[in-house]
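Given next, in structure tokens, is a single chain: the form predicted on its own.
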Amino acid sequence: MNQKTDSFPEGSDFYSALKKRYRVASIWQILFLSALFVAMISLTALLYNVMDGAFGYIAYEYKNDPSEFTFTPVNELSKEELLTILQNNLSAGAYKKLDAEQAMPTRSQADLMNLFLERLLQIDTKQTWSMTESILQGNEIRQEAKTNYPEARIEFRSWLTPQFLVSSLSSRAEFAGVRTAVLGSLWLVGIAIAFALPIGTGAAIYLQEYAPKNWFTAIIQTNLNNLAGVPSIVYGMLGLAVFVRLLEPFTSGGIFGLTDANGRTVLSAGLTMGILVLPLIIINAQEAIKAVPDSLRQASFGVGATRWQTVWYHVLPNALPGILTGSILALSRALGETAPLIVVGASTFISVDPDGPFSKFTALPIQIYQWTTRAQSEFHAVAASGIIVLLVLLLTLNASAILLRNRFQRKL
């Protein structure tokens, strides 16, 4: 009986086959390198596009002449002079309201300067230019501005400033800040992690360590994987039906004696975000628990430990870095979500910082969306600055995940 076998190539056939292997390997290496290059180019283009809008020339005028209030140049006014000007020229009601929000003498010089510019001089922005235009066509822009706006002041401005970070929202782009939106986003993330992390970790422990391997748990696992891919707008509708309407006495604070009977609060939004990331946290926690070597469990059982003792003292500590990393990365998704917050009832404009779970709120993605819908070019520049702040928050969360993972791995 003859059996056909593949013979190993020899001589010239061997070298021909070897060259073919290297040629195929080189082609795949070029394809992988090209994919990396395209990804880097796309990311660079995204970042440059955002930076391009956050810096550039601006032409503006003062509606009121500074000489009506002071003979000192505006950029040389001291804190005491600004405070005196505001006291003498603001109406009694406006000054009292500002003082009630924060005592005027305790405000910073930059804050008082913004009030002076916004309330008294009243800046009128004529036109803005991108960073690329400002760098490449600076002389033409200055000449154009002098021709079209002879009374206007021209300056190269960074819209992303420390004052932008600590100022509340404003109807004027020149004085708008992200403090209220950032605080709202932090409240959402805090409530979401407090709700989703213990529940998600507990569910993952049960499914991985206790649940029998049968058709019922297979159905649960399949639905978990499906829920992780459900569009976020669906979770927004769920949050509207359950947290805003059904649980309104709780989410509005009515059962605690608060007068507000509206469930569109930061608590409702935070719980909605928690539901959104819950499947992701469960799946990530399961994978982290599954990665713990089974030999640790067997050794623990071998010395007489119960299943709970094994899970608590051996499995969970070893899986903790992966659980924390996956949870923080899941929260990064929640931080950038917009659709569920719109459905739940986030405010598009609010100047009061959230001071509790029953407060009205906005979030950074909501505010960026609202700025981009405005027709004025200065709002687009402010939106670009807000995007940079959002990217920094996301990168901070991701860096925290890496640091926590490395720290716990060193301890283990």
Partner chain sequence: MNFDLKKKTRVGESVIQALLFFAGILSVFITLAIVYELGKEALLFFNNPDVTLAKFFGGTIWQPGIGAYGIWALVSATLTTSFIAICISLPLGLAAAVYLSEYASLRARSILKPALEILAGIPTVVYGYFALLFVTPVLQNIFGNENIQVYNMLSAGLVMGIMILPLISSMSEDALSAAPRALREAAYALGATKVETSLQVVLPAALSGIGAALIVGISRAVGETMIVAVASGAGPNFTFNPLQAAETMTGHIARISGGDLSYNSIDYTSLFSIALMLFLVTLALNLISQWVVNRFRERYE
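Numbering follows the first chain given and starts at 1. Definition used throughout: the rigid core is the maximal C-alpha set that superposes within 1.5 Å between two forms. Keep in mind the model is a prediction, meaning the values are calculated, not measured.
Unshown form predicted in complex with the partner chain; subsequent notes refer to it.
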property: Contact residue in the predicted complex, from 342, 183, 110, 173 (heavy atom within 4.5 Å of the partner chain); result: 342
property: Heavy atom within 4.5 Å of the partner chain in the predicted complex - the one residue of 120, 320, 238, 191 that qualifies; result: 238
property: Site check 25, 338 and 384: each within 4.5 Å of the partner chain in the predicted complex by heavy atom; result: yes
property: 4.5 Å heavy atom contact, residue 229 and the partner chain in the predicted complex; result: yes
property: Proximity of residue 233 to the partner chain in the predicted complex, heavy atoms at 4.5 Å; result: yes
property: Partner contact for residue 255 in the predicted complex: the partner chain, 4.5 angstroms, heavy atom; result: no
property: 4.5 Å heavy atom contact, residue 32 and the partner chain in the predicted complex; result: yes
property: Option from 137-145, 165-173, 90-98, 217-225 whose residues, in the predicted complex, bring a heavy atom within 4.5 Å of the partner chain; result: 217-225
property: Neighbours of the partner chain in the predicted complex among 274-307 [non-hydrogen atom within 4.5 angstroms]; result: 275, 278, 306, 307
property: Threshold 2 Å Cα movement between this form and the one not shown at residue 392, rigid core reference; result: no
property: Yes/no, residue 48 Cα shift of 2 Å or more between this form and the one not shown with rigid core fixed; result: no
